[in-house]
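Read the single chain below, which is given as structure tokens and is the form predicted on its own.
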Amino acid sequence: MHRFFTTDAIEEGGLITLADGEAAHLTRVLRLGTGARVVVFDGRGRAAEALVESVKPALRLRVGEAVQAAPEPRVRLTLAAAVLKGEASDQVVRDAVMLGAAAIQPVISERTEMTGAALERGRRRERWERIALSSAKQCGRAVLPAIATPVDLRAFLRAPHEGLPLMLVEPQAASADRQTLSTLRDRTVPSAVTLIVGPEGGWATHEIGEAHEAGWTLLTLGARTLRADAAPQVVIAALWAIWGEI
């Protein structure tokens, strides 16, 4: 069944509405009408079947039995990803949501080619929120990851973070303290992790130094250098394999 997001409380027997965009998708794009059965989810982990009870003068859905959504990872992962050129960050958001990221924090580094003001003018955060919602629907999640406002990397490195702090660096990064992902097998599985992945061209040397000074663990994928838009999904998948999530 088609899946729709609602901000209303999902309680069996209750009536709910959909936001304008979701309502338009149901009625105008999919052309569903009274009597259609769909699935609704609240973005916080709850999902249920619902019956379209009315379309005009207003769309109303009657909530039915709860349904099982895709299970969430045991490790709560926040992806802090440097903003990439063009639409490349769209792919990062889509894939991170698909892989179970709990939150996404865009960051602006020295080699990021867009400023915070330009991102705001382009309403990029709103675009990423739409992409996250679409990805959550497609992969059956009932949790909708939050997309935070882009922040400066230096401020983010020193701000409080959730769980184990990991920064992906290039194999040639000038630091004797870097480790490979495989070393995480020797650690206790964390309840949460914050993973920072860099921009095209990699991190500036001083950014790696600042991360290390702030207590971040520097990680590489061995001798492999990946495209900036592919690295997040590869690293998340590798972490899930190490920690038994896949």
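Nothing here was measured: the structure is a model prediction, and the numbers come from that model. Sequential numbering from 1, following the sequence displayed.
Here the subject shifts to the form predicted in complex with another copy of the chain, a form of this protein not shown in this document.
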Spell it out for me: taking another copy of the chain in the predicted bound form, does every residue among R124, A192 and G202 have a heavy atom no farther than 4.5 Å from it? no
Checking R37, R31, R185, R44 against another copy of the chain in the predicted bound form, the residue with a non-hydrogen atom inside 4.5 angstroms turns out to be R185
Under a 4.5 angstroms heavy atom criterion, identify the one residue in M98, M114, A103, A88 near another copy of the chain in the predicted bound form. M98
Flag D8 as yes or no: does it have a non-hydrogen atom within 4.5 angstroms of any non-hydrogen atom of another copy of the chain in the predicted bound form? no
Even though another copy of the chain is not shown here, does L51 get within 4.5 Å of it in the predicted bound form, heavy atoms only? no
Contact label in the predicted bound form: P73 to another copy of the chain, heavy atom within 4.5 Å: yes
Proximity of H161 to another copy of the chain in the predicted bound form, heavy atoms at 4.5 Å: no
Within 4.5 Å of another copy of the chain in the predicted bound form, counting heavy atoms only, one of 103-111, 144-152, 161-169, 131-139 shows up; tell me which. 131-139
Checked 230-246 against another copy of the chain in the predicted bound form; residues with a heavy atom within 4.5 Å, sequence order, are A230, Q233, V234, A237, A238, W240, A241, I242, G244, E245, I246
